[in-house]
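Before any questions on binding or motion, here is one chain by itself as structure tokens, the form predicted on its own.
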């Protein structure tokens, strides 16, 4: 199998004329899907557009399920096994943001093109690629644009699908636009939380600690940063965003801080969660404000071993194409596979810059390697690693 995959990838990368057609289809899908706003919980229009793309490739059972996932199935020769390829539909940008993208020779620029317009476009292009190379898989190939993935969505889309699908999912690939060489096969422990500090209307502004919500939230942030973190297991507290206040000459009465606790140890996540909960209660007691600790998402550590055949194949493909493998844990859709005991990996397709900004951009010159990597992995999954060691 390894020789076949290597020969296929080599042919893919040398066929410049054929790749130009593939690239045109890929970019067409990227522009179509990325220019449709899809903030978390509001992905329906993008999901519908993806299902229409499925219909254009004559994919069976194209539909949007109850959770808003966009599903399509390419039947294989052996209906017993199913490979699930997933890319999340939602983005961090609401509908007020201009979603138009600009394309030049080497880059595409626009909000969410790397996270995760390109991942969606690559998945939508897979049917075209299989037909282009006359590849008929033994396994059924399930393509899913997953809804409610980011933030408070808490990967609801894929968890709903895996909880309700009646067949056997043998393996999975999670697609992210960035970064080429990424290889995630494990999940770290994580709690995604939000501290909301709100001063009630009847608050007595003459009392001690009446500087306003921003000042008191800043004090709370300082206390969070003073919490001692272990070096082993690896642990961090990531402060993601803070929102509050309106303008000059006003005292803000409500501030929200969003953050993540990450650790290789589930017990450490529990301990830090309790410490932050205690800080919230302490601040509420000292200031008389309402301090609420909202817990939006939780992950447990897990995953396959470094030596698992799927992970070895992914590293071999990277080595063949001179791609530097970047091992990193994940807290996205991969976590849902891990919870069900399904071997899966997350990969990136190209490099990017300004991630998370409205002028996010991705490198087009590496897309041939990104797509060759994807097809090589798909072939390997379909053939079941018969040439690999146990």
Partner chain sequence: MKKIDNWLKNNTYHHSDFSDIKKMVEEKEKRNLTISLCIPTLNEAKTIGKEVVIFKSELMNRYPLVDERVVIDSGSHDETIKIAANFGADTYLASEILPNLEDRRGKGENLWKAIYQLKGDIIVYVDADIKNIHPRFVYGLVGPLIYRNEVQYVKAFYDRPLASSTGIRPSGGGRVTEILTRPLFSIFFPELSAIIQPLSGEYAVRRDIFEAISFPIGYGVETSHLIDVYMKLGLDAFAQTDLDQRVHRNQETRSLGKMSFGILQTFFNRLEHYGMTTQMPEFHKILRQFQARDNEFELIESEIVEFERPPMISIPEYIKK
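Whichever C-alpha set is largest while still superposing within 1.5 Å between the two forms counts as the rigid core. Numbering follows the first chain given and starts at 1. Computed from a predicted model, the values in this text were never measured in an experiment.
The following text describes the form predicted in complex with the partner chain, which does not appear among the structures shown.
**Student:** Can you work out whether residue 35 and the partner chain are in contact in the model of the complex, taking contact to mean some heavy atom pair no more than 4.5 Å apart?
**Tutor:** Close contact exists here: in the model of the complex, residue 35 approaches the partner chain to within 4.5 Å, heavy atoms only.
**Student:** Is it the case that residue 250, even though its partner is missing from this view, gets within 4.5 Å of the partner chain in the model of the complex, heavy atoms only?
**Tutor:** So residue 250 does not count as contacting the partner chain.
**Student:** Counting only non-hydrogen atoms and a 4.5 angstroms cut-off, does residue 236 reach the partner chain in the model of the complex?
**Tutor:** Residue 236: no, not in contact with the partner chain in the model of the complex.
**Student:** Would you please decide whether residue 354 lies within 4.5 angstroms of the partner chain in the model of the complex, comparing each non-hydrogen atom pair?
**Tutor:** Judged by the heavy-atom cut-off of 4.5 Å, residue 354 is well away from the partner chain in the model of the complex.
**Student:** Okay, which stretch from 92 to 100, 151 to 159, 187 to 195, 299 to 307 lines the partner chain in the model of the complex, with non-hydrogen atoms inside 4.5 Å?
**Tutor:** Stretch with heavy atoms near the partner: 92 to 100.
**Student:** Using heavy atoms only and a 4.5 Å cut-off, decide whether all three of 213, 226 and 256 touch the partner chain in the model of the complex.
**Tutor:** Per the other structure, none of 213, 226 and 256 touch the partner chain.
**Student:** Report the residue, out of 59, 342, 27, 323, that has at least one non-hydrogen atom within 4.5 angstroms of the partner chain in the model of the complex.
**Tutor:** Only one listed residue qualifies here, and that residue is 27.
**Student:** Scan 360 to 374 and write down, in order along the chain, each residue with a heavy atom lying within 4.5 Å of the partner chain in the model of the complex.
**Tutor:** Contacting residue: only 364.
**Student:** Does the distance between the two CA positions of residue 58 reach 2 Å or more between the shown form and the other one, the core being superposed?
**Tutor:** Indeed, residue 58 is displaced by 2 Å or more.
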